[in-house]
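Shown below, as structure tokens, is a lone chain in the form predicted alone; questions about how it binds or moves come after it.
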């Protein structure tokens, strides 16, 4: 199997006065699952449609192993895609749907049944798609993408409609395919949905790239946050200012009679040491774990990670 790099280079798409994708550049590496993340309307589906030649870019482009999609012979054997807006004839069975596509892709009817078994739809092969749940339709979309045994997979919101068992299934499937050296790009508007699946993350907002790294490097961006309270709030404020801490006031709340600060940056131990050195008695010192979803929102809402 050829190991393909997806190269997105200065990709731009405008619809009249609306810029959906702006000067977007990144790479997707083989043998890894890459999460393509951003809020609804960020430009993810537009980017995937541009990659597949379904719409024309205003500028830039997308290549697979150096070739544009339109130039690839027998593209279904090279790139498999399942877009969020995929639709199926409700009167056809799952097997009939794949058999309709088989001649175009160049695979046998036997392959259709093998793929239905792979995606967990073997028992429903002769059931009409109109009776399928949203999650089952999602599995059928993945089956279509895999029909030609491609080395590249582009999946738009593949966890939509899946129950916990289905999410576990798609996670295992994608991990196994990445191990085989395939290049996998999956979109999602929620980092939490793909956090346990992806190796790398590409985050966009308003059509622009805001972050591109491994998942491990994204986790490393989390900065400690600590709730700090003291009997002498003004002194605490002076300490925070003197230390140059990023601090936000918190009102008194349950279990806390004194006004407090949410301090971002220093650890609880560092704050405690500074308070002790200044002779300030603290009444609360509680670390807060900044999750990946918080980092994601800070990136996409334009605040950055300062």
Partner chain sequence: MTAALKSEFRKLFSTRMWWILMICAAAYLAFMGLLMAFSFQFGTQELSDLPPEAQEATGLPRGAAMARMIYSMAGSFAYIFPLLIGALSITQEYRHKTITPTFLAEPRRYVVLGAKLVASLPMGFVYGLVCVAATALPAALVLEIMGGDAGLGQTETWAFFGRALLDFTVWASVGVGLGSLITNQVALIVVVLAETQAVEPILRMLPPMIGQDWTWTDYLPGAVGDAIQGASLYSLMGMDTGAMPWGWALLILLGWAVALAGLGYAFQFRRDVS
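Positions refer to the first chain, counted from 1. Remember, predicted model here, so these are calculated numbers, not experimental data.
Not on display, but discussed next: the form predicted together with its partner chain.
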| query | finding |
| --- | --- |
| Partner-facing stretch of 73-81, 174-182, 197-205, 212-220, counted where any non-hydrogen atom is within 4.5 angstroms of its partner chain in the model of the complex | 73-81 |
| Its partner chain contact at residue 69 in the model of the complex, heavy atom, 4.5 Å | yes |
| Close approach of residue 105 to its partner chain in the model of the complex, 4.5 Å, heavy atom | yes |
| Any non-hydrogen atom of residue 231 within 4.5 angstroms of its partner chain in the model of the complex | no |
| Interface membership of residue 169, its partner chain in the model of the complex, 4.5 Å heavy atom rule | no |
| In the model of the complex, the one of 89, 122, 127, 189 near its partner chain [non-hydrogen atom within 4.5 angstroms] | 89 |
| One residue of 96, 235, 227, 113 in contact with its partner chain, assessed in the model of the complex (non-hydrogen atom, 4.5 angstroms) | 96 |
| Contact set, 38-72 vs its partner chain in the model of the complex - heavy atom within 4.5 angstroms | 49, 52, 53, 54, 55, 56, 69, 70 |
